[in-house]
Structures are given as C-alpha cells and as structure tokens.
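Shown next as structure tokens: one chain only, the form predicted on its own.
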Amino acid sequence: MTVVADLKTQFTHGVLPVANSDEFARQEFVKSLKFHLASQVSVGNRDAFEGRAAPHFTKAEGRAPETMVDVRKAMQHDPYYKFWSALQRNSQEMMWKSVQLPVERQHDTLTAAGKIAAPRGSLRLNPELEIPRYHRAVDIHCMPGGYHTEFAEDDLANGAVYDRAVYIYAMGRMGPFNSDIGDTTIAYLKANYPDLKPRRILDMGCTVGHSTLPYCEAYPDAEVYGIDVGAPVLRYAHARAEALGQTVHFSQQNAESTDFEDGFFDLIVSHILVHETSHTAMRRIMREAHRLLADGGVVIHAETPPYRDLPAYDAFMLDWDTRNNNEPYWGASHEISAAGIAAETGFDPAKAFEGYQPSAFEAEEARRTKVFQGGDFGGGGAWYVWGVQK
C-alpha cells in the first residue's frame, strides 16, 4: 500500500507517539538546535584548526598534522572544539529526553496499540536470547536503555522513542518515514544488480523497520524478514508495519547466528548496523550471511564513508561519535575493507563491491550540509554501501 506523506513532517502512523504542544515545541527546538550546530557552529572548528591548533601542533612536533590522529591531538584541547563538542553531546541528551516525555505519558495506550488481533506479518520473540555484550555494556548513541531494555510487560517504549528520535536526529532529512537509508540502498541495488529478483530478503538489525519497509514495495514478490536483538523495538516495528499496511516477518535474533536455513535468502541488507557491532561480531555476521545466502545472492551494508576516503580533518570530525556519543565501535567500522572482510568470511573477494549512492530523499526540506561530521552523518547527502555477491 502506497501512503502519501507530507515531506515536511514525520508521517503520523498508528503507533507514533503524539506530542502535545509543549512537547512538540521542545522537540522542534532540539531539531533546530542540531541543525544550527551542524550548519553554523561546526564550521568554526575548521577555522580553529587551521588558525590555531595546526600551527601549535606544527611548532610542537616539527611537522604539520597529516593524519586523523594528528588532527585529534591538535584539536582535543582547543576551546572552540570543546565548546562545540559539549553542545553537540548536550543536544543528543536533550533529544532523547524530548521524545521520552510523550512516550511515558502514552505508555499504556502505545502498549495496547501494539497488540494486533489479525496481523498481516508476524512477530517472533525469544526471551532466552542473550543480548550481546556490545549492546549491554553501553547505551549506544546515548539512547537510555538501548534497543533491548524493557520497562513493562509487552513493552515497546524504546521502539517508540527511537522512531521519533531518528527523525529529530536527522533533522527530517531521512524523509517522512525515516526510510532514506533503505530507499538509497535499494536505488544502488536496482542500478547495479538489475537482474536480482529476491525471493526472500533479510534486514539485519532492523530496529523499528525504517529501512525494512521500502523493500516490500521495491520487491513486491519477495518475502521480507527483519531481525534485531531488542524485543521492544521489534514489537514496535511489527505494529508500525501493520499500521502502514506492509507485511514483514520480524524475529528476535542475533545476526551473528540465526535459526534460518542455509541458502534461505537471496538478499541480505543492513542499514547503519555495522558501526554498532564489534570487530569480532561483524565477521561472524558476514560468515552467517554467507551461510544464509543462496548462490548469486547479495549482502549489502549501508554506512557513512570509510576514513580512507576523507581528508584527515574530515575523518577526525566524522570520528567524533567514537569518543563522545557512546559509539565505541564507530571508528573501527570505518576502517573496513569490503574485499578484505569478504576474503575473511568465505566470500570471493573479487565479487566484493563498495561505492557511494546519493540519498534518495533530496527534497528541499532536507537542508543538507553536504558534510559528513559528528552528529550529522545524514547531512552528507550520500550513503556508503559495501558488500559482496555470493
């Protein structure tokens, strides 16, 4: 079912928390603050680097800063950078609080809405699933409780929080359904693998299904599956998909080891999953993808650019999340080589690929900065995709 949406605002579906006037004003303030930091304040960091930090580094080290590590050493104590960084971190915490308030107020109503009498798709949860340590050890991107924490029976609160927060975090630039990464990945697949006709598609780390649902329309003859380790986000994803008239089979599983049969899928996708998994886990996930793919199938991951593709200063700015936004695996994920990891995990490295795809959502309202930087990964206007064909 195709739903017409107002491109200027997030689409109001059946389980999206409804903000009252005060709550909405708070959320809009945070969204505006984030855009101001990204478009007006952040640019001053380059002036601070070129006019103050780099000359100091050169004087102390006897050479100009050349690498991302050099830039970090030069900038880490600069007062302007610390000022921007503190504001950026505070805006992140303000964002989560602004969306928690309406969710807490409507918690019982949202929980009831998540109980679907006659579903189109399915939801399969596993209370015995061990949540990976890399999720338990830290609230990723400062989201209180992460994807997996439950506060009540049949809880979907953190799914509701995530749905609204992503829209604010991306400043509306993911589109009214927060689906830009999925739409963009599909555009890449259609352009580069036009003969791919998947029977079954798996979205690994689907959270609330923002990027999962576009595959239902892009490949209408395929069965679409989504997995995640978090029960609350899956309950919400299921309810959201049903409210939007899409059929998806969600299950609570760790992408490192699933219960699907060998060769069950023709297409496996992920969208900003890689930077939230450890070095070891990512390789296990790719080995599992190799097991799950049929011959000729494709696995593709969408992320922000590897550091090797960026000037040292830009790489430093994009790396902000590693040290300041509870993203401990962010840095390492930006050093992955598609051919290298393919060779490690059973694939033919000659069939690996990587590239950039312009964002599918390019409406005037997106107001992109065209810069990849901490707290503004969606502003770059493109997504880096990498993967391999079996």
Partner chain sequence: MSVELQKKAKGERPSYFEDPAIDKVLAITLALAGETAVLRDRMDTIERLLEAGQPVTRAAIDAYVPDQAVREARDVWREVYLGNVLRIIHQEREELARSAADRRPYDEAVAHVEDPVAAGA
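It should be emphasised that the depicted structure is a prediction, and the values quoted were computed from it without experimental measurement. Positions refer to the first chain, counted from 1.
The protein also exists as the form predicted in complex with the partner chain; that form is not presented, and the subsequent description refers to it.
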In the model of the complex, which of 245-253, 145-153, 226-234, 308-316 comes within 4.5 Å of the partner chain (heavy atoms)? 145-153
Any of the heavy atoms of residue 157 lying within 4.5 Å of the partner chain in the model of the complex? yes
In the model of the complex, does residue 41 have a heavy atom within 4.5 Å of the partner chain? yes
Considering non-hydrogen atoms and a 4.5 Å limit, does the partner chain approach residue 24 in the model of the complex? yes
Is residue 32 close to the partner chain in the model of the complex, meaning a heavy atom pair under 4.5 Å apart or at it? yes
Can all three of 52, 161 and 324 be found with a heavy atom no more than 4.5 Å from the partner chain in the model of the complex? yes
State the residue from 291, 199, 89, 73 whose non-hydrogen atoms include one within 4.5 Å of the partner chain in the model of the complex. 89
Answer key: of 264, 83, 193, 134, within 4.5 Å of the partner chain in the model of the complex (heavy atoms) is 83
